[in-house]
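Just the one chain here, laid out as structure tokens, in the form predicted on its own.
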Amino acid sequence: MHGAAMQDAAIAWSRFGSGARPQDRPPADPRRWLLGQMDRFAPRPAALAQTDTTDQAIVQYKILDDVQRERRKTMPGKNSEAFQTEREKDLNRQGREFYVTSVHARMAAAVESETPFIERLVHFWANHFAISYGRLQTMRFAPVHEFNAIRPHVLGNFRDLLVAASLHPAMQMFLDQAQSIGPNSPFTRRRENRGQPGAGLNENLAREIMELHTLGVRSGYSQQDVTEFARALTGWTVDGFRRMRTLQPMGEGRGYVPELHEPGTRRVMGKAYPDTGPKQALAILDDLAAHPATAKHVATKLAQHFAGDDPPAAMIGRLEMAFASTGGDLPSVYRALVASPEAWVAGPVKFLQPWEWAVASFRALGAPLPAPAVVNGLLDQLGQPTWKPGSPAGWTDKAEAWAAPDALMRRVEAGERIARSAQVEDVPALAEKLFPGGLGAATLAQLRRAESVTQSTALLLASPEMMRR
């Protein structure tokens, strides 16, 4: 392969994918190789075969909820961890173990993937629809959100992905949708007639869908639009969260309770939506998914992820047009992304986030993953614990958050530990395979001068080529 072709192969591996592996050979046609992955992607690969479904997570949640309800009956007012029963402690321990093994399974899926471009898109969308498990009660829902709401829809239509991700039990719990009740709903009126306090409307989910998942900030919607959307969303809940006879299962752990719904027509962004029960909120989601501001918001984030912290306007416009003209067909957007010359410029355009660097490091060495607790500890040390961004906005995609001196030092220290367990015979030769036509002379010289294979491996993991894509 000549120089330009080798460069494109390296870009396909690192910028679009998750880094090369020792056994990989540069694709003859990098763009065709990327697009061909859409035909080979497995939503549930072998590494994730044993992970829970959403319904299984619901069952475990109900068991814990029953145990906690029983304790509150027998020990009223004593809700702190100090009063947990042994059964509660055991269930919470199981929840923590499930989280740790799920992070390991996620890492294994990424490291072993034969379709790394699509895996990167899975992680992109999981961060776009970010959740943070926070409480032990909802710990089981963070992994199943990505595995069962994101992965099956990553190659589908944006509208379907939006509905699956935004109304999934994990998102509802994270943003308190399950507690949102219409102020004029039958449920609230019954409580008020009995002299009990009325229930409250929660706007968290409506706001984040509009601000983060679809339209983006400063895109023309008002606070009144958020409130009206929140009213339309009332009734949507988690299947089993509310023990009510009228609950209607809506699939994937979602439920709808008519008596919690705020009655009446809703007006959002100038359009009236008649009261059609659960379909009212879905109709609003349909229009949000198809809105021009959503096309621009999604296009901007994708361009930023693949072409730099300040992506070119021409590329954004190209992705925006692909989104709008196809009604949000994601494969069409991805094809426009791969076809964009701005994404193939020479030299690195992005600084790897800790998760990306860890995946690339394990792929580069071709060694078995360490134990689940070790993988989790590594990601915690690097400052990007999985499914814990701390904000509905997710992890930032910009280098300024990840390239600080202390963050780099943690990455170097982690690389040294990974290197000690690696089994690489010729590190300079491996580096030349991983970065065809793109390995710097300074890096190669350092690798050759290293006093040991372990030191050379650590230097490779800390090299500029491994830090950027």
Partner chain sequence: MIQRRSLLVGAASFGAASLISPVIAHAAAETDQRLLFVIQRGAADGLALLAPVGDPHLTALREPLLKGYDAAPRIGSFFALHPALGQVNAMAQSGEALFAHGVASAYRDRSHFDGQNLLETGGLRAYERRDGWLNRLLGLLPTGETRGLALSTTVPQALQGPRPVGSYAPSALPDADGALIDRVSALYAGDPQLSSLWQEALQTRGMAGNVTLKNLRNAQQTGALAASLMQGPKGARVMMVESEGWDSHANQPGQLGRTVAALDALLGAVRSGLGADWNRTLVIVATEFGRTARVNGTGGTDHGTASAAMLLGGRVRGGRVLADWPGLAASQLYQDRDLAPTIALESVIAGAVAEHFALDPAHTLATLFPERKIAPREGLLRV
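What you see is a predicted model; the values in this text were computed from it and never measured. Residue numbers count along the first chain shown, from 1.
From this point on, the text means the form predicted in complex with the partner chain, which you will not see here.
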property: In the predicted bound form, segment of 64-72, 421-429, 399-407, 32-40 with a heavy atom within 4.5 Å of the partner chain; result: 399-407
property: Residue 196, heavy atom within 4.5 angstroms of the partner chain in the predicted bound form; result: no
property: The partner chain contact at residue 184 in the predicted bound form, heavy atom, 4.5 Å; result: no
property: 4.5 Å heavy atom contact, residue 414 to the partner chain in the predicted bound form; result: yes
property: is_contact(residue 127, the partner chain) in the predicted bound form, heavy atom dist at most 4.5 Å; result: no
property: All of 381, 391 and 451 with a heavy atom within 4.5 Å of the partner chain in the predicted bound form; result: yes
property: Sole residue of 239, 342, 211, 88 within 4.5 Å of the partner chain in the predicted bound form, by heavy atom; result: 211
property: Contact residue in the predicted bound form, from 200, 152, 317, 251 (heavy atom within 4.5 Å of the partner chain); result: 200
property: Contacts with the partner chain in the predicted bound form - residues in 209-227 whose heavy atoms fall within 4.5 Å; result: 211, 212, 217, 218, 223
